[in-house]
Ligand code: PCA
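Just one chain follows, in the form predicted on its own, and it is written as structure tokens.
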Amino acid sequence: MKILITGFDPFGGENVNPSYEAIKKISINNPSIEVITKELPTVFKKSIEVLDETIESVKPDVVVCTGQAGGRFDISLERVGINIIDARIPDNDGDQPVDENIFKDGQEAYFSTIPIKAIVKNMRENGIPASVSNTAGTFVCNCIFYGAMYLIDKKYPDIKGGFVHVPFLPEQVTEKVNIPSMSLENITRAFEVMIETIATTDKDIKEIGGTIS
């Protein structure tokens, strides 16, 4: 199985993005799993273009995009990406769309096709806080999640896809008050558990995995 996993470059005044820093450290001791990593620009349409080019090049079986969600406490397996951009801040090219569709010919929403509940369960069993999230926001993370699933719908029907949000790293919150963080080691391990679960799970489990809010 070939899995493409992406992370973003830093944005919003941060010097680092934990999503990309973590995927660079992934180590899978399984010869049947090939992991390809790619850094994406935190730019709305450009991130989708780069992802499309990468999919064309590497021809993966699974695509998982990852991104930073400062303020979250755990690893968040996103359930759904929605066809809207409503940017609170500009992206890294200075673009700040408000209430715009990502693709005019796309569905209102696309759902993850990776086993999110099984992944959450296995992360928790490995001592990593995790949950299913029902909102990926309306910034570039949601845009790439929706964009990935749009590409799968329109061009790559045999590929599975999903998105994962991660918290800040500890060094990102030293000057922030009451903001949670997670170590790079735990985020990386979470990704390794996710990859191993995807490779060994044909059908997702059905059990509680979400949050109250």
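One rule holds for the numbers: they count along the sequence shown, beginning at 1. Not measured: the values here are computed from a predicted model.
Not pictured, yet referred to below: the form predicted together with pyroglutamic acid (PCA).
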Within 4.5 Å of pyroglutamic acid (PCA) in the model of the complex by heavy atoms, the stretch out of 95-103, 136-144, 115-123, 79-87 is 136-144
So in the model of the complex, does Gln68 come within 4.5 Å of pyroglutamic acid (PCA), heavy atom to heavy atom? yes
Contact of Ser47 with pyroglutamic acid (PCA) in the model of the complex (heavy atom, 4.5 Å): no
Complete contact of Phe111, Tyr156 and Lys160 with pyroglutamic acid (PCA) in the model of the complex (any heavy atom, 4.5 Å): no
Going through 163-184, which residues have a heavy atom within 4.5 Å of pyroglutamic acid (PCA) in the model of the complex? Please give them in sequence order. His165
